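A single chain, nothing else alongside it, follows as structure tokens in the form predicted alone.
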Amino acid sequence: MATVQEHVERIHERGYDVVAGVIPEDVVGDVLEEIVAVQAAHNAESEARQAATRAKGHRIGAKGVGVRKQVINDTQIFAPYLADDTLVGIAEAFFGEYVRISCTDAVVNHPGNERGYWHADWPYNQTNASHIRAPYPDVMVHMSTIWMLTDFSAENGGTFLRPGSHRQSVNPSMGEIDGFDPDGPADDEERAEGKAGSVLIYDSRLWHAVAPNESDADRVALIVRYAPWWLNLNPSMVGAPEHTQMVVETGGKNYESVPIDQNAFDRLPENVQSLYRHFVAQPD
């Protein structure tokens, strides 16, 4: 098993790494079943939201991918693992103390989903109303993770990654860069692969894309992002003044998160509550 420092070095070099066995093998099946049920219950809502966003002319994800935003409001079955020592240790190596979670979404790539475009995550995605303007400084300000609730493989749509691209000061969400096609394959692309229970960690600057699921079963994951205390998350938080000003009033698109219900927060383990204190819904 790799040490925190070894994972940090690989992320510095390649932009990503995989931590195996974060969710134990005898637990991950129960987590998978719960997440699939929750996402299915809200699938119509997810599809309607995505259709409305596309109708406004905004570019989002890929068709055939179901999303449930802030799924921790629906179930806390995976919550004990969010403060995993290795994951938090890696985040603190980059950000220092007082790490926070900025989103917790369920993502189900159904068989036959389309390929997505090459991009970097918020706050680097230039299609978002709130974003850091390119060229970017060479520093990580946000850490993305994809929790594999099913095995990830080339066949079932393991995420496309471009190793080393996190060190570039731009990304293809801006459009074509030096002849690079944002919608096509890359000569150096790799796939995120791992066993269920593993977690892909990557610098949010890393160029990546949704891959087609060519299997006959869903590919299921959680998207969890970790942020330093000094990164302003309000532009992505529905109801916050910055979100209203930068997204609602401009009619723009953004990576959005909703607050956590007080009841859901109260059910979290104490060491996980510290990651979400900034996110709790305020009483009316």
Ligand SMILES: O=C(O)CCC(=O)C(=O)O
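Since we're looking at a predicted model, the values are computed, not measured. Don't overthink the numbering: it's just position in the shown sequence, from 1.
The protein also exists as the form predicted in complex with this ligand; that form is not presented, and the subsequent description refers to it.
**Student:** Given the stretches 66 to 74, 243 to 251, 31 to 39, 215 to 223, which is the single one in contact with this ligand in the predicted bound form, using a heavy atom cutoff of 4.5 Å?
**Tutor:** In short, 215 to 223.
**Student:** Check whether T159 has any heavy atom within 4.5 Å of a heavy atom of this ligand in the predicted bound form, and answer yes or no.
**Tutor:** Result yes; T159 sits at the interface with this ligand in the predicted bound form.
**Student:** With the partner left out here, check for me: in the predicted bound form, does some heavy atom of V210 sit within 4.5 Å of this ligand?
**Tutor:** Yes, contact at 4.5 Å.
**Student:** Using 4.5 Å between non-hydrogen atoms, is D203 touching this ligand in the predicted bound form?
**Tutor:** Result no; D203 lies far from this ligand in the predicted bound form.
**Student:** Is H119 close enough to touch this ligand in the predicted bound form, meaning at least one heavy atom pair within 4.5 Å?
**Tutor:** So H119 counts as contacting this ligand.
**Student:** Let me know the one among I146, L82, M143, A129 whose heavy atoms come within 4.5 Å of this ligand in the predicted bound form, would you?
**Tutor:** After the contact test, the surviving option is I146.
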